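Shown next as structure tokens: one chain only, the form predicted on its own.
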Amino acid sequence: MKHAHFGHQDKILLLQHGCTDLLTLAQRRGAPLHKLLAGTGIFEQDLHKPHGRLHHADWLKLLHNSQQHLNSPELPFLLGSALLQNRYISLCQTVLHAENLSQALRQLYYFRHHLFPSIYVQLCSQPQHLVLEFHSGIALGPQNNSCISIVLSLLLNLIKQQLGNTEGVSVQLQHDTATAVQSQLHWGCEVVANQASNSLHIALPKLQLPFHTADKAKCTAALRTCRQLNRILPRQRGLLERIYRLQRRALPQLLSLEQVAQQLDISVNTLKRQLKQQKTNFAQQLDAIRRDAARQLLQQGHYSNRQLAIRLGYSDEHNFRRAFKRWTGLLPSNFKSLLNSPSL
């Protein structure tokens, strides 16, 4: 069965799942409602509809308008916290009443399309940490960093609220140092800038610590509502995520352009056109998939360059080493040494 992927013009978000929270935060800081809604397809009367929906492009425009009128870098951090506390968002109620962080993360992962349909997560297990890498399923442009910050803020506020601290938790960001310093002030954990990916690192013992607001009955009731919402909030995936997942499953072979188009049930020309709309191309996607897989393999275990080359579909280890140096500026051996550094 073929599954459609969504784009910016799909009506896939509930107005009550972030839009109203963002507007409230912006209006409290003096931004007029008509300017916040300018350029979107959202009308004031829509905001009061229980199941009113909006296009993803409108959500990005609303986020842009709010940041432009307020010039407030703290907005994504505040919004992540506001989403977590919103009693009308059943997913957040599920998370708050979960047994522990492990259960909460599973529910967020499964129902993430309710709040963050444009973001997807790659899970990577390390000897002492669970790593969550955050990627964009569709091209988000300048709002990419903001969307990632909102997701991380929700998760880190959850950890602090339920477990009392962020000990054993750290964040790696692709952002610059100034942004990382500001993030560290808001999140209260170690934040490392200029990294290859945006990721959250959680010490394994923290996953099983009990939440102080755990409530099985409330969690079950909220989960029931989440499942009902799936009828109007379909679990569509962005084009970039669909390609990423197809190719990761195919490694080390990797699928051709024609094979991916066939899997997506579209023509080759349509796939090329859609990738161009996402400001990327097929070769760049293949490169990114191999890059991320290489980093994750190096984080997970002790692989030789030859083993890594085989697992990633390279003809020999020389080609792999050259590609890794291009991706990271480091040789694989230097990257492994950096991973083992006490500062990380």
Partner chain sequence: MWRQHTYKLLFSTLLLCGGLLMATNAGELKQSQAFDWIDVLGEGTTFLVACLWLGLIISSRPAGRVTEWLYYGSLLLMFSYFLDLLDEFIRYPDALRLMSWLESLPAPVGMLVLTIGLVGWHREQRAIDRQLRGRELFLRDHELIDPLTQLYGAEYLYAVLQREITLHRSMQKPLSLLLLDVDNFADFNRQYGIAAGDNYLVQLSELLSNQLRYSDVVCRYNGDRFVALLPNTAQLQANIIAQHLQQQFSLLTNQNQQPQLTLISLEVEQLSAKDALQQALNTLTSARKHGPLTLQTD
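What you are looking at is a predicted structure, and each value in this text was computed from that prediction instead of being measured. Positions refer to the first chain, counted from 1.
Another form, the form predicted together with the partner chain, is not on view; read the next lines as being about it.
With the partner omitted here, the residue from T94, S81, S199, Q247 that has a non-hydrogen atom within 4.5 angstroms of the partner chain in the predicted bound form is S81. Between the options A57, L37, L70, L297, the residue in contact with the partner chain in the predicted bound form by a heavy atom within 4.5 angstroms is L70. Here the chain stands by itself, but in the predicted bound form one stretch of 288 to 296, 273 to 281, 26 to 34, 306 to 314, 26 to 34, has heavy atoms within 4.5 Å of the partner chain. The candidate site formed by Q85, Q161 and L185 is fully in contact with the partner chain in the predicted bound form, as each residue has a non-hydrogen atom within 4.5 angstroms of it. Remark: E74 counts among the residues lining the partner chain in the predicted bound form, judged by a heavy atom distance of 4.5 Å or less. Applying a 4.5 Å heavy atom cutoff to the partner chain in the predicted bound form picks out no residue from 231 to 250.
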